[in-house]
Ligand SMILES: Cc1cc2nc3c(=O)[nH]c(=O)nc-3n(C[C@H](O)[C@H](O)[C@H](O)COP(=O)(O)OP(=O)(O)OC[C@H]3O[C@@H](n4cnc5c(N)ncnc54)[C@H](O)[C@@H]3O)c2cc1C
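For reference, the chain that follows is the form predicted on its own, supplied as structure tokens.
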């Protein structure tokens, strides 16, 4: 008989016991703030509020970062193309946030990444792009940047960096630095840090209506999608941080404020060995730019920018989307990449504030905070990189409405969970690996996901050493991570672990199907799944993978969407 798993019972541990406690608190307490949505914006709002001394509740209808915040380009950047639009303030703000994330807030999660920009025209393009990148570096320096500045390369120098480039596709290049992040794990760290400061966080909770006293909103009604039970959450103020679902939540409150448009972006994932390169790459297209971003043993390549008005819960990549990305990539490669080379595809929706143009690439990337109704504030728009600023602006507005009484924001100096003690553990990583029977490479990868929290993850191996085995299909992950996800990271379903706590669903050709068979029983030990629940979880994950594959065989968004939503949602079909 297997040894029982350790009990993780501190507030930062978002496990089954903590969820039950949160539901009990929802029913029995009044909160200063209720946050609807736990993407990076909602998690950031919760952290900013909790760090100022507010009593905070957070409800999320699916999983932490299950929407836009797990489906981005995984970049922390200022946005070079916003300079071309003369949006200097947005770029400067984002570059300052990049420096804070790299140096203070999340240094184990956010890492420098090099990009090469191929030049196709002599003289004028080098002058034009070079001036833009020089301004980018200058604005970064004002924000405390410590990354190397850009450099100019000849064609020979560019081909040395990326041997896979077709020599006729460029005359030279520029190389500059930005940063990248595992967006889902970063959002989770923000949420767990908020929980560690007292925020009550519960996923699988869908808001179905609002509490009102006169014309003032005083909380919300939320239904647990695991049990069907409804609870009333009383709060002095409510924040709507639901991204592309903003309009739907406003409708529940009987309001119709700023329109938020959903713009779809898709990315493909291909093995690194197929594109010989020592650096990432950015390619200018007729509509925007295309990134090739290093990601473990793969490249992430994207994105697109097209309007999406179909099911917001299931954005789908069509064959047309995939061909667009492949054609732009192959325009500069010596050996083309084909559809057969792709191991993963994902699609996400950006929440954009409607501007004067219907072209989503021209809608506002800047965020807005507004009073939707008495007691209800909405935040929408923005960039992943500037989530902390969005959160601060939101809570500043909330405190003004509440009449003050709380501290100033200090999140720019607040490290996320996993930062404290990380540097010393990194120094000792070889001995850490030896003590737990792992390779140094494995420990380094674990530390890149958990920071100093790796001690808790590896601690489970003392009683269950068999969990040091790899996930089937990938040597990037070990089985203990699935257990820890259920014990401490709010994972309630297989999909949560395979697509967000790990990223195996986009990193292996089988989309994580072999891994699902191995980790389902382990999650079931923690979450109390019986045989029927175990079978249901596996069936749902298989259906999800098949639906995504069907979508990618369809020529356009409407047929792709129909294929994608053929997979049932385990949160609404599995437990009620």
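Numbering follows the first chain given and starts at 1. Please read all numbers here as calculations on a predicted model, not as lab measurements.
Below, we turn to the form predicted in complex with the ligand, even though it does not appear here.
This chain lacks the partner; the member of 383, 493, 98, 192 within 4.5 angstroms of the ligand in the model of the complex by a non-hydrogen atom is 383.
The partner is absent here; in the model of the complex, the one residue of 186, 237, 71, 503 having a heavy atom within 4.5 Å of the ligand is 71.
Using a 4.5 angstroms limit between non-hydrogen atoms, residue 59 touches the ligand in the model of the complex.
With a 4.5 Å cutoff on heavy atoms, residue 46 does not count as touching the ligand in the model of the complex; it lies far away. Though the partner is left out of this view, residue 34 does not reach within 4.5 Å of the ligand in the model of the complex, counting heavy atoms only. Contact annotation: residue 241 falls within 4.5 Å of the ligand in the model of the complex, judged by heavy atom distances.
Each of 249, 303 and 351 comes within 4.5 Å of the ligand in the model of the complex, counting any heavy atom.
Per the 4.5 Å heavy atom criterion, the ligand in the model of the complex is contacted by stretch 343-351, the sole one of 366-374, 343-351, 139-147, 440-448. With contact defined as any non-hydrogen atom lying within 4.5 angstroms of the ligand in the model of the complex, the contacting residues in 23-60 are 36, 37, 38, 39, 40, 41, 42, 59, 60, given in sequence order.
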